[in-house]
Structures are given as C-alpha cells and as structure tokens.
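Coming up is one lone chain in structure tokens, specifically the form predicted alone.
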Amino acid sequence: MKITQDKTKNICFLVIAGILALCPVLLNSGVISSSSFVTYIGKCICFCIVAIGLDLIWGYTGILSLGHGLYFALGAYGMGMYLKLQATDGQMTDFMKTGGLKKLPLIWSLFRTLPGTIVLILVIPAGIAGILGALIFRNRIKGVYFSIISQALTWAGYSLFIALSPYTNGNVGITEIQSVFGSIRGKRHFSNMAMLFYVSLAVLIVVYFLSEKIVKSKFGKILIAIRDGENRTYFSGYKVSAYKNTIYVISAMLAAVAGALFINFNGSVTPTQMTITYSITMIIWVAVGGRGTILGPVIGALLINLCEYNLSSGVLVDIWQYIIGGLFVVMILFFKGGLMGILTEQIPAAIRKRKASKPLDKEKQELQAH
C-alpha cells in the first residue's frame, strides 16, 4: 500500500509539473494574456523549492526553523551581485559611490563569474548553517529554543544588511537587474522568460526527486527516528547532532538555490526577504500542504501564493492576509497533516468507516424485520 501511495504522490507531482510547464506555452498562444502571471508562477516554483527544504528539517526531522528567510535572501543577494556586475561591466554601482566607496569591494569581486557565484551561493549558506548547527545541535539545543535562535539569526542578518548600506544598498537592496538570460519583460523577451522558467522547473523536479531519495534512504529513516524519538535514537548509538546538522545544511542550501532563482524573476532583492515574517510565511506553506510528505509543501506553496495573487487585489485587498492566516490556524488546529493528510488519511478513513458501517446497518434491518 505504501509503495502505491508513494508512486501516486510522484505521479501527482509530475502532473503538477506538467501543468506548470504549459504556462509559457499558453502565454505564447494567447490563452494566458498576462506575462506577469507566468512570471509570478516562476516565483512560486522557487517557493516550492524552499518549502521542500523546510519540510526535510521540520516534517522529517522535527526541527522548526524560523530563519530560512536568511538563507533564501543570501542566495538572492549572491545572484543579485553577479547580475548587477554584469549590468555595470564589473564596475562599482551608483549606491557604492554614494556610500563613499572608492573601489569595488572584495566580497563583490568574488561574484564576477557565474560558476563562482553558483559555488558561493551554495558554500556561504552551507557554512553559516554548518557552524550554527554544530554549535546548537552538539549542545542538544532543540525545540522552541532552536526556533528562537534561528529567529534571532534572521534579525541579526537583517540588521547587518541594513547597516552595511554602502555594500548592500540598505533598505533598497539590489534593484533594476535582469535575469541571467537577459530581460524577461514583454513579449519580445518571451524566449528569455521561457528559458528561465523551464530551468527553474527542472531544478524543482531534481530537488523533489532528490529529496524523495533522501527520505527513503537509511539516512532519511534515521531522520524520522530522530523526529519521533530523539533520545531513543541517541541511546541507540547514532550521532544525532551530525544527522541534524547535515540535513540543516542541505535545507539551507536548497533555500539559497530558491533565492538565487527567485531574483531572476523578481528583478530585485531587499532585506525584507530575510525577515522573520518571510520565514514564518514559508512555514505556513509547509503546514497547509502537509509536512513530512515532500509533495505537500509543493502544493501548499503553490496554493497559498496563488491565493495571495488573486486575493491581494480587488474587494479582498484589505482582508486577504486574515484569510490566509485563518486557513493556517484551521489547518494547525483541526488538520495537522495539512491537505495531504486530508487526502491520504482522513478521507480514506472516513470512506472505510462508512463501508464498515453498511453491513452493520443491513444486519440491524434484518433483525428488525424478523
């Protein structure tokens, strides 16, 4: 039964991926009239990637991180620095000159090439997460205490990026940049947008199946054991801190990759992306979709962001945030398994219960007849 369910989930994901893949085609054929909507779907694909990363540590390992906005923003800033240098031919930007800098900072010069940028986008978040995780998990800090520390980390990162305005442009961030393929705005740049869209979708597919492989491996089973009984796993001889730190690093890297793709669609990045609010929003995606499923966070990220896209304009513009918040509260209180829990557990259980009650009802009717 489990194998069939896993295959069903993978098929559902491929169906979702197939529907997403049709978006540029439908835009080119005129069925979808707004190119901004397809660009927004591209952003949603990036959100799916970071949601999967969060699910690996929260859903499968039981570590609630409220600081993944930092890693998302680091990936976005890294790619943004590369793209900005491409636009200025490797020269200083206007905000650096305004900030009083005389030459291109060393940290910026590291992002001159795309291969170097990709490496740094992975290495920097992995290094921060690895050091932080080693200090925290080795001292067996967990639960709400870890959540508070990760939350404080985002605030520290936010404050640092604001303070270093000559290097980061402060509150404004890195703006007015094009994607790695060039401009994606307007119909004449459709090919660039489609290329970026399909690259992002391909990354999502790879991340999904790689994550599926991780959770089904021995490593993944130990993560689940840590979630369900950390002390029991520890006394069974496993080095729990090493496993937790490893999955935390992997999750941080996925968030950074998502951020690097996101800025290509968004055209800008600001410190807002590393705030606590942004990190909590990511948690909502996972919770609504269903943690501990891989597919659930993908559905949750798509659903919540599409709801936001449609509700944040028109008559519901003033209350759409309350609607999303209410949905999150209802899911947490009554449907802890999220949408995936409803589809794979509660509905089948209700059907089985109804089928089991039918023979009893028939028996009662026969007894009454006699």
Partner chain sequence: MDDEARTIMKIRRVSVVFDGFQALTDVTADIPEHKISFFIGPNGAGKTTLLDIICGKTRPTQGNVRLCNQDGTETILTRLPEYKIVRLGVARKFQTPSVFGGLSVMDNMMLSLKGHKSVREALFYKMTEEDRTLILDTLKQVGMESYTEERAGALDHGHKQWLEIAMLLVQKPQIIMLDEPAAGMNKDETRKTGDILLAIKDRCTIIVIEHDMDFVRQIADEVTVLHEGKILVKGTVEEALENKEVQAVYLGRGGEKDA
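Everything numeric in this text was worked out from a predicted model, so none of it was measured. Residue numbers count along the first chain shown, from 1.
Form predicted in complex with the partner chain: not shown, discussed below.
Novice: Evaluate A156 for contact with the partner chain in the predicted complex, applying a 4.5 angstroms cut-off between non-hydrogen atoms, and reply yes or no.
Specialist: Judged by the heavy-atom cut-off of 4.5 Å, A156 is well away from the partner chain in the predicted complex.
Novice: Heavy atoms within 4.5 Å of the partner chain in the predicted complex: does S109 have any?
Specialist: Judged by the heavy-atom cut-off of 4.5 Å, S109 is well away from the partner chain in the predicted complex.
Novice: With the partner left out of view, is K218 within 4.5 angstroms of the partner chain in the predicted complex by any non-hydrogen atom?
Specialist: So K218 counts as contacting the partner chain.
Novice: With the partner left out of view, is I149 within 4.5 angstroms of the partner chain in the predicted complex by any non-hydrogen atom?
Specialist: Flag for I149 set to no.
Novice: Within 4.5 angstroms, counting heavy atoms, which one of the listed stretches 122-130, 256-264, 181-189, 233-241 is next to the partner chain in the predicted complex?
Specialist: That would be stretch 233-241.
Novice: Could you tell me which one of I222, M195, I162, I118 places a heavy atom within 4.5 Å of the partner chain in the predicted complex?
Specialist: The option sitting close enough to the partner is I222.
Novice: May I ask you to choose, among Q86, T246, T175, T281, the residue with a heavy atom within 4.5 Å of the partner chain in the predicted complex?
Specialist: Of Q86, T246, T175, T281, the residue with a heavy atom within 4.5 Å of the partner chain in the predicted complex is T246.
Novice: Quick one: name the residues from 54-90 with any non-hydrogen atom within 4.5 angstroms of the partner chain in the predicted complex.
Specialist: Heavy-atom contacts to the partner chain in the predicted complex: nothing from 54-90.
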